[in-house]
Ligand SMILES: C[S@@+](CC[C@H](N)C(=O)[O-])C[C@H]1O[C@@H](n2cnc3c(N)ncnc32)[C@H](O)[C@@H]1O
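In structure tokens, the next block holds one chain alone, the form predicted on its own.
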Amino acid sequence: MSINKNISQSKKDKKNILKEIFQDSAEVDYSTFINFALYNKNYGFYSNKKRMMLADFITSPLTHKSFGIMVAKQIIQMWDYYKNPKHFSIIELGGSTGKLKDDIVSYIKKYNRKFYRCLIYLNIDEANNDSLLNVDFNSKYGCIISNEFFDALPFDRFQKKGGDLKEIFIKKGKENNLKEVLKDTDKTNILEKKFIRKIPEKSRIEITNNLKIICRKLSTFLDHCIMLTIDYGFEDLDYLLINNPNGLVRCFEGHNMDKDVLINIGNKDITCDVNFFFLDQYLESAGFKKLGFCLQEKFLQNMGIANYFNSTKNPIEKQQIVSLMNPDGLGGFKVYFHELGTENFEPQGLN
């Protein structure tokens, strides 16, 4: 069964990237397609070294260094919680150019030299040719920091058709035109059949690829750790029951947003709302316990960002800090805490 939708693209690299995407088959699932579009070493969005920072979207670490400072203060509390071990590992997921790492380490070095001498920092990012599932690392104490990591993972897409969820595949034609094809699937087994029946006809949903495997891998890095996850998304599965023919996909190019993954391939970011219900479930199955969550605005307030705001006289910096707190923007992101190994940590960011 196919969807009558052909998508054209005139970019000069289209032929080359499509050749790599479809080298083994004329049909691929969405997660395969997205993985190539984002991380292909020659044509992927994050591999494009000519792309200027801030050219397509803005993140909290790039908005103002106070974000990294507040995260660093929270990490110091974690180190104190574990009674100041001689080795403490920070594992950052999807740290890209290392801006958040630089801000965290700079603050710790300046204000807590003892902790700084104990610090081990890993920045794991697919764009830097790091494959998370292939990382071999283990330490006793530490934390995992995830800022806008899960929303950038490749995902599969599904559409309600005839009472069932069908998986959407992408098929390449002879003229490099792309067509979506619906097929039966077993990838939706995580959803109960009675829930699938409630999803509106023709509505689309997304499910992150390999999320369960990723959570299990994270549990192997540290024996005792706090995981801090900052991202946008939803906690209630009923959010998927809203009639949504375009799903929850967002593409960003030049600070403009669209929902068409199949146009301008390799030249724009592709993200999807994080399903925190699934993430919690898989983290719990891997041994993590959820401690709670709040909005980024509240987290930054709890960590004392008002003091930083009041200490600076620069109006541009003040506006950047306000942007971090905007509940309709970055301030509306969810901040989750999970703990592995023990269950007594009380994060200052949640108080």
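Position 1 is the first residue in the sequence shown; the rest follow in order. This structure is a prediction, so every number in the text was calculated from the model and none was measured.
Another form exists, predicted together with this ligand; not displayed. Remarks below refer to it.
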The chain here is shown without this ligand. Which stretch in 117 to 125, 171 to 179, 272 to 280, 221 to 229 comes within 4.5 angstroms of it in the predicted bound form, by heavy atom distance? 117 to 125
Any non-hydrogen atom of residue 295 within 4.5 angstroms of this ligand in the predicted bound form: no
Looking in the predicted bound form, any heavy atom of residue 79 within 4.5 Å of this ligand? no
At the 4.5 Å heavy atom threshold, is residue 71 in contact with this ligand in the predicted bound form? no
Tell me, yes or no, whether residue 59 is in contact with this ligand in the predicted bound form, where a contact means a heavy atom of each within 4.5 Å. yes
Taking a heavy atom within 4.5 Å as contact, would all three of 91, 102 and 108 count as contacting this ligand in the predicted bound form? no
Partner-contacting position among 207, 215, 132, 248 - heavy atom within 4.5 Å of this ligand in the predicted bound form: 132
Heavy atom within 4.5 Å of this ligand in the predicted bound form - residue from 153, 240, 165, 263: 153
Residues within stretch 130 to 151 having a non-hydrogen atom within 4.5 Å of this ligand in the predicted bound form: 132, 147, 148, 149, 151
